[in-house]
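What follows is a single chain, given as structure tokens, in the form predicted on its own.
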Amino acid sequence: MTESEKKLNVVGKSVPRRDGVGHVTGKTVYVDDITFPDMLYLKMVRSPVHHARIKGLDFSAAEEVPGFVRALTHQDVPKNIYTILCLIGVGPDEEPVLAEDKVLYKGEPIAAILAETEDAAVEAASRVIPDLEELPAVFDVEEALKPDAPILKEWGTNHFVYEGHHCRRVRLGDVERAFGEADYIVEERYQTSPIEHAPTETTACVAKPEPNGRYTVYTNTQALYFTLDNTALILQLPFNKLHFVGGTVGGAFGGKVDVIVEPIAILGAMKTGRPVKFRYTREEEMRVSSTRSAWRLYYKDGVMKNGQIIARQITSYADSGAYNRHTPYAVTKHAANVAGPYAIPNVWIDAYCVYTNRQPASAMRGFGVTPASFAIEVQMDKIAETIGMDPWEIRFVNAYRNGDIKPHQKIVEDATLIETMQAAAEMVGHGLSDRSLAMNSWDREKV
């Protein structure tokens, strides 16, 4: 063992999970295992349609269910707006905690029911009769941008507005001139679907009022202080009135960064003075929790016979679903990465955040970047096939190096892309050309 290897206490070693024994022996306590005396259960009344105007709510049949305690509507929420992007300076905040005058997706919460048992809460919620005037819905990102599409947002468009622009734009060089000089034009359309995180433990929390006026919240959020801060803003409470207890997340992958269950559970505890549990059923987790966005991407590349890409034009559409959640931020990350880790002198990108009547999308493992990576690398294979070049070689020819300028005007530092590809080729036994083996991330040779 070398001296440098002796200093490594994690890299190259098997490190036991600190929670592993509890998981495999069944001793781990998850949020849904937590109960308190006199605890109430919360269930949502959800929209049965994708788009509608709310004309009224009839709770009379629900109130007759044995065990019914009370209902909560938007009028009970101190600041009835989710604020999950305001903390990073992205607005406007436009998603209600409980729907007010409209619903924009099937499953959107309209009211909350508190009851003595979970069964009673489910039964009472099913008996609430919403008076809805159904409206036209739109489910396709390009259809949503057409002039005759039903408008979902109060600012008059079905797209997020970036500093006055209809999309997130990136411009470098002159793509039209470069297309005219290219030996090949390679075009393709790529589409990804929404992906559900499917955590082992569904989204859940338990809110308990304390004698000192604070609220202790046991939650499986993956972002404890982010969730606490946003909950305090929604409930208009001082931050020190909330004590959030995390622990087991039960699987998240980005899906438990949304602040959805905690504010309404605490509100129930505030209104009743009793502990409140709110957990998603498996059906709710699949049908109404945030997904990874669906993306549609159009690529047009100008390529020379030697494999050099001299122009790349991209138009992409993120399906945000009915509300912002984290998608406007994802589109910004997407625009910075969608041209790929390649040195292309002329780049044109229009990246749209589009609203449809689908369930809201949000964070999931590299959100915004992962769909881009899929499209980029399939496109690189298509270019290699078109010009008759080895797909490894096409990547070495175009790989960015230290000092190159990315399309969004950031200088590449510590690229190591070439070295990583060389190591990967060696590991899988793929023979590289002498030229590719001689390349590095510091010296750029003429292609």
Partner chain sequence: MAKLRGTGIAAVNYPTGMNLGGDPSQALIHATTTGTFMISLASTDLGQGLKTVLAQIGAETLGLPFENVLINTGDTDTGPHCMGTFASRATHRVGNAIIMAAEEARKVMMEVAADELEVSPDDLETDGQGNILVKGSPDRSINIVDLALAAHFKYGKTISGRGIYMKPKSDVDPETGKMDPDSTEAHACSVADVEVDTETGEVTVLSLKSAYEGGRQVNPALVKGQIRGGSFMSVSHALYETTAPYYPAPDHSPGSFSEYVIPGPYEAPEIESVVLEYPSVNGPYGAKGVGEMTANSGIPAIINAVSNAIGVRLTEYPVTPEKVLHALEESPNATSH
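Under this definition, the rigid core comprises the largest set of C-alpha atoms superposing within 1.5 Å between the forms. Please read these numbers as outputs of a predicted model, since none were measured by experiment. Positions refer to the first chain, counted from 1.
This protein has a second form, the form predicted together with its partner chain, left out of what is shown; the following refers to that one.
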Original post:
Should L135 be counted as a contact of its partner chain in the predicted bound form, where contact means heavy atoms within 4.5 Å?
Top reply: no
Original post:
Does its partner chain come within 4.5 Å of any heavy atom of A52 in the predicted bound form?
Top reply: no
Subject >> 4.5 angstroms heavy atom contact with its partner chain in the predicted bound form for Y190 >> reply: yes
Subject >> Exercise: E413 in contact with its partner chain in the predicted bound form, heavy atom 4.5 Å >> reply: yes
**OP:** Check each of I310, V128, V249, L235 and return the one that places a heavy atom within 4.5 angstroms of its partner chain in the predicted bound form.
**Re:** V249
**OP:** Note which of L98, A149, V257, A71 lies within 4.5 Å of its partner chain in the predicted bound form, where distance is taken over heavy atoms; exactly one does.
**Re:** V257
Original post:
Where, among 339 to 347, 152 to 160, 177 to 185, 261 to 269, do residues come within 4.5 Å of its partner chain in the predicted bound form by heavy atom distance?
Top reply: 339 to 347
Original post:
Which residues, if any, of 12 to 26 lie within 4.5 Å of its partner chain in the predicted bound form when only heavy atoms count?
Top reply: G12, K13, S14, V15, P16, R17, R18, D19
Original post:
Rigid core fitted, then: does R435 show a CA shift of 2 angstroms or greater between this form and the one not shown?
Top reply: no
